[in-house]
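Given as structure tokens, the chain that follows is alone and in the form predicted alone.
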């Protein structure tokens, strides 16, 4: 099971999708969220978009391996969906933040390879957040402020990779995965 985490906007979702496209043994774990879908996001593919009430019901039932509130929205990884991926003999790819990775680490039955992706700099991260044109100014400000807190957790991961170039970062991560699978 591969965990990719990063500060918001550092490229983990882009890299996750590239891994799944290049290696048919991986399936991305589709999280539940209460946030509104962004343009081009598809329910059941990018996220399972649910109401806060629905999310809280699932939470009470113990339906998540991990969950957290990020920028005012609930996010969670369904035990059911992960277990289904495993039953079908696929590797699971988690695109989650450091809080979620920490919770996943508490489940000893999950064999995790954890990689933290860093942007080249805080300034570059802010440029990327603005360029992706998915968040308002206030949201971008919150995400940039969270950066300093997020990077403090990089040392909790097996590997840290800087995303100075998507292709280079992707190739470094593929190399780490191959080395891990060969051990």
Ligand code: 5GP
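Residue numbers count along the first chain shown, from 1. Bear in mind that the values here come from a model prediction, so they are computed numbers and not experimental data.
Another form, the form predicted in complex with the named molecule, is not on view; read the next lines as being about it.
Using a 4.5 angstroms threshold between heavy atoms, residue 68 counts as touching the named molecule in the predicted complex. The named molecule in the predicted complex comes within 4.5 Å of a heavy atom belonging to residue 12.
With a 4.5 Å cutoff on heavy atoms, residue 114 does not count as touching the named molecule in the predicted complex; it lies far away.
Taking the partner from elsewhere, residue 31 is found to have a heavy atom lying within 4.5 Å of the named molecule in the predicted complex. Contact annotation: of the candidates 127, 142, 35, 56, the single residue with a non-hydrogen atom within 4.5 angstroms of the named molecule in the predicted complex is 35. A heavy atom within 4.5 Å of the named molecule in the predicted complex is found for exactly one of 47, 147, 157, 26: 47. Although the named molecule is not shown here, in the predicted complex the stretch 86-103 places heavy atoms of 95, 96, 97, 100 within 4.5 Å of it, in sequence order.
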